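Only one chain comes next, encoded as structure tokens, the form predicted on its own.
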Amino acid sequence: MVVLPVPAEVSVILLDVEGTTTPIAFVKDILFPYIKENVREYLQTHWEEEECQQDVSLLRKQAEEDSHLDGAVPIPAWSGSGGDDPQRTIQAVVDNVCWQMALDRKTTALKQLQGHMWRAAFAAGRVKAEFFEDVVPAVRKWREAGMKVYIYSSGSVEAQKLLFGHSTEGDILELVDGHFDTKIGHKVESESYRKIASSIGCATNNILFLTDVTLEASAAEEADVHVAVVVRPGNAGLTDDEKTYYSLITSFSELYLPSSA
């Protein structure tokens, strides 16, 4: 087995989620299809709730901005009066959501509705987050060794907490010291990692960042963060140069902490 020693100055391990702690297939084959398969039922069940109407208003506003795009789906207004059947509007929202997802768009309006649907699904036990089998034992071991563990994902902090709070391993939120999303900056910008270090209260070289994306690894390195690239089933392949340049691991168990010697 490959063993990658963790530099002695590292006191914080920063984790990407998709492709690092969690199979890309879980997101692609379970989370996203869940939205398409259940969006109509969700809208019909929650239609008259304020949160749902806010989601629809945001989607309608986005649809207006998208009106010049090919295939864009407008969302008609719903008066809310007793005699007004919302089904036509619901159908338009369903069609709009499916159109946006087919284009892999990441609009705030779409993300907001998806987040609320996933929250309901996790809370009802209809979906449980999946982690690679080496993740939870390794994180427990790191914390026992005195390491801090943080998450940095393009998924919102709320979505991260859903994953770690409702997993096949149970509620493992207690294993995470904090969460960062793109509100602190994009993952391919080195300044984001400096801001994270500042927020945690450590130097950038006190952090080891684990990710499957070499563009993120490069940005972190520019900020003097230590990096290891995680190679998992289903992840994008690496070039020969990337394989030579980066420290690679296929399991969190391959990290060797000097403090655990």
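Please read these numbers as outputs of a predicted model, since none were measured by experiment. All residue numbers are counted from 1 along the displayed sequence. By rigid core we mean the largest C-alpha set that fits within 1.5 Å across both forms.
What comes next is about the form predicted in complex with a small molecule, which is not displayed.
*Asks:* Within 4.5 Å, heavy atoms only, one stretch in 109-117, 168-176, 67-75, 136-144 touches the small molecule in the predicted bound form. Which?
*Replies:* In the other structure, the partner sits against 109-117.
*Asks:* Exactly one residue in Ile200, Ala228, Leu31, Leu59 has a non-hydrogen atom within 4.5 Å of the small molecule in the predicted bound form; which is it?
*Replies:* It is Leu31 that has a heavy atom within 4.5 Å of the partner.
*Asks:* Among Lys148, Glu254 and Leu257, does every residue place a heavy atom within 4.5 Å of the small molecule in the predicted bound form?
*Replies:* Answer is no for this spot.
*Asks:* Using 4.5 Å between non-hydrogen atoms, is Ser153 touching the small molecule in the predicted bound form?
*Replies:* Judged by the heavy-atom cut-off of 4.5 Å, Ser153 is in contact with the small molecule in the predicted bound form.
*Asks:* Answer with yes or no whether Val10 is in contact with the small molecule in the predicted bound form, where contact means some heavy atom within 4.5 Å.
*Replies:* No.
*Asks:* Evaluate Gln160 for contact with the small molecule in the predicted bound form, applying a 4.5 angstroms cut-off between non-hydrogen atoms, and reply yes or no.
*Replies:* Yes, Gln160 is a contact residue.
*Asks:* Determine whether any heavy atom of Val17 comes within 4.5 Å of a heavy atom of the small molecule in the predicted bound form, and answer yes or no.
*Replies:* Judged by the heavy-atom cut-off of 4.5 Å, Val17 is in contact with the small molecule in the predicted bound form.
*Asks:* With both forms fitted on the core, check whether the Cα of Val136 differs by 2 Å or more between this form and the one not shown.
*Replies:* No, the C-alpha position differs by under 2 Å between this form and the one not shown.
*Asks:* Quick check on Lys106: with the core superposed, does its CA move 2 angstroms or more between this form and the one not shown?
*Replies:* Yes, the C-alpha position differs by at least 2 Å between this form and the one not shown.
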